[in-house]
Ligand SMILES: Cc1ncc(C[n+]2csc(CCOP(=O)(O)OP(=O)(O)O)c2C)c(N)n1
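Presented as structure tokens, the chain that follows is alone, the form predicted alone.
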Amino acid sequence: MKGFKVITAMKDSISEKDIIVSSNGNISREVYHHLPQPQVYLRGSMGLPVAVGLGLALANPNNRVIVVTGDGNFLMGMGSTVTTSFYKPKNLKILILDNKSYFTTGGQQTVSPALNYSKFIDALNCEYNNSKEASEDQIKEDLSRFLNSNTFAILHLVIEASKENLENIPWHPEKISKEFTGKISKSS
């Protein structure tokens, strides 16, 4: 399944109160173009989506926080994942879209194949680990169960290395922050 199809499939399971933190590059563009705005679209912040998600989850316990990250970003910020698993905020979900490449910058291979995601995520005592390549129907089922769980959870999905040809997010970081802050103050 292609990453943008996974992101599009999230529409059925999210609400306006949800906070989505998307990693820089294609994933942020796909979240911006396919899911309700505003969200937290990271730019120039490789390896930080999980750390940002943890901070937002702890600061906003009444909002579900969904981190959507690629394998390259996830691997770069694995220490944040360990810290996050210590706190285990029930309102935090981490979705890893693993295409085994730094797709935004030209498709260079990541070291994702060297990590046994199942063992890593199991060691964190998290729910909804799924590192196998699955059918589109199975991915949608796993995604729905993951997003609707009442606990801290990580879902690892192996996806196709492909992207849509989308325009970049037209908002500068200041506008992203302003729009998102307005969203949070309305939902409080």
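Numbering starts at 1 and runs along the sequence shown. It should be emphasised that the depicted structure is a prediction, and the values quoted were computed from it without experimental measurement.
Below, we turn to the form predicted in complex with the ligand, even though it does not appear here.
None of the heavy atoms of L115 is located within 4.5 Å of the ligand in the model of the complex. Taking the partner from the other structure, the ligand in the model of the complex has no heavy atom within 4.5 Å of any heavy atom of S13. Contact annotation: N129 falls outside 4.5 Å of the ligand in the model of the complex, judged by heavy atom distances.
Residue contact check for N73: one or more of its heavy atoms lie within 4.5 Å of the ligand in the model of the complex. Of the listed positions (M46, V40, A153, L124), a single one reaches within 4.5 angstroms of the ligand by any non-hydrogen atom in the model of the complex, namely M46. Shown without its partner, this chain lists V50, A57, L157, I27 as candidates; in the model of the complex, only I27 has a non-hydrogen atom within 4.5 angstroms of the ligand. Heavy atoms within 4.5 Å of the ligand in the model of the complex are found in one stretch of 130-138, 145-153, 31-39, 64-72, which is 64-72. Although the ligand is not shown here, in the model of the complex the stretch 85-100 places heavy atoms of just one residue, N99, within 4.5 Å of it.
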